[in-house]
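Coming up is one lone chain in structure tokens, specifically the form predicted alone.
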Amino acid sequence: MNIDTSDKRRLEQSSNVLLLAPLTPTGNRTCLELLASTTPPGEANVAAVTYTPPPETWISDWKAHIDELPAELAFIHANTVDTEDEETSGIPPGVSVSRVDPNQPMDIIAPLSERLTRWKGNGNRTLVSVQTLTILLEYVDFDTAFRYLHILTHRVQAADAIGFYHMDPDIHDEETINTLKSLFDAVVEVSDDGESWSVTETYGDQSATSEHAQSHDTDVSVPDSETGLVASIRDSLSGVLSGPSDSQPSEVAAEGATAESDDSDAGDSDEEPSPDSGVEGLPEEAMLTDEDRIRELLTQYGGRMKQADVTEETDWSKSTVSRKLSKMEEKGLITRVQVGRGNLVFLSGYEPETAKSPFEQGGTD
């Protein structure tokens, strides 16, 4: 695998990377090549979390495809089959192997943390390889896996390491993959033959790649629907601006108008309608509360997006976005989860159940 300069830089700036590759010898080889391409073996500390293939097989594959072993190497082997005697025969001196129950993924955290702490400051770059999430999900339910990976990715980030997590996209449904993407800074997708691959940045929304972000218009518009919230508010405002009318504003429109007048952050909006303009001259955004606008934006992104993207899409300041999201979080309209170097914002009803666990850290940008 040859990584060009821009993609290599993107990976080097990431803390946790999801590798979508087939669960085949080609996919396994890609995992090893990705580690070696990111950091030369002689300058790398590698902590490998393995499942079905024993450490002996991992080392054999590495020597076949990469040759030089990493400067420091350690294994956390999650397997219920005791093959200690067979594995030890092919493991070089100085390479440690910790064995854990694959049904208890939290048991991986302690030996991994100990190894990351021991390597801190030794001059090498630390890499964590997890092969694979596909096997992990055969042992535990999705909520347990999500909870474990949330803790693991934070631990990797805190150690200033880079984690690579292999997963076969053909075995899992799209919803599972997209939800897990929210835990990672970048995604590497590899073809079945291992020759074609791409690097994208994502926090859960599959379209939130760097290329998409560059071409995405920051002017958020709402589809015109005569049966939607915008149409109801337009009808209400039309009656107010055109004078008395026999028709009464709809209940939804009245609630929208109340929310508009009660929003203490209304002054933060840069879009003030002219008092002399008619309803047809008002942009649709001006007829939405700030909270409505954020909800519409999250809906367009599939119910979840990075807080930094909310700032970019709305053109509000970081502090304004943080304040508005804090108020929405207090009302239960959204949930924020710290992921990587920023926050991921979930619209209510779209967040994973474990996003509200005590291990989650809301935080602000």
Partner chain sequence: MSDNATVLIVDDEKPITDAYAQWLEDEYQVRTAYSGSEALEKLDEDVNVVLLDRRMPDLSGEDVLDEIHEQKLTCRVALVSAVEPDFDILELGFDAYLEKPVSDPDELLETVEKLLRRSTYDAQMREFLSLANKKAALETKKSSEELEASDEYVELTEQLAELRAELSDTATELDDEDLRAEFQAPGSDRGDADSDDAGRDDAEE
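Note that the coordinates shown come from a computational prediction; the quantities given were computed from them, not determined experimentally. Numbering follows the first chain given and starts at 1.
What comes next is about the form predicted in complex with its partner chain, which is not displayed.
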| query | Can you check whether Q157 is within 4.5 Å of its partner chain in the model of the complex, heavy atom basis? | reply | yes
| request: Look up in the model of the complex whether H150 has a non-hydrogen atom within 4.5 angstroms of its partner chain, and give yes or no. | output: yes
| task | Decide whether F142 counts as a contact residue for its partner chain in the model of the complex under a heavy atom distance cut-off of 4.5 Å. | result | yes
| said: I'd like to know whether V95 contacts its partner chain in the model of the complex, with contact meaning heavy atoms within 4.5 angstroms. | reply: no
| said: Is it the case in the model of the complex that Y51, F75 and L116 each bring at least one heavy atom within 4.5 Å of its partner chain? | reply: no
| query | Tell me, which of T126, S182, T200, T289 has a heavy atom within 4.5 angstroms of its partner chain in the model of the complex? | reply | S182
| said: Just to confirm the contact call: exactly one of 161-169, 290-298, 182-190, 116-124 touches its partner chain in the model of the complex at a 4.5 Å heavy atom cutoff, so which is it? | reply: 182-190
| message | Going through 158-175, which residues have a heavy atom within 4.5 Å of its partner chain in the model of the complex? Please give them in sequence order. | response | D173, E174, E175
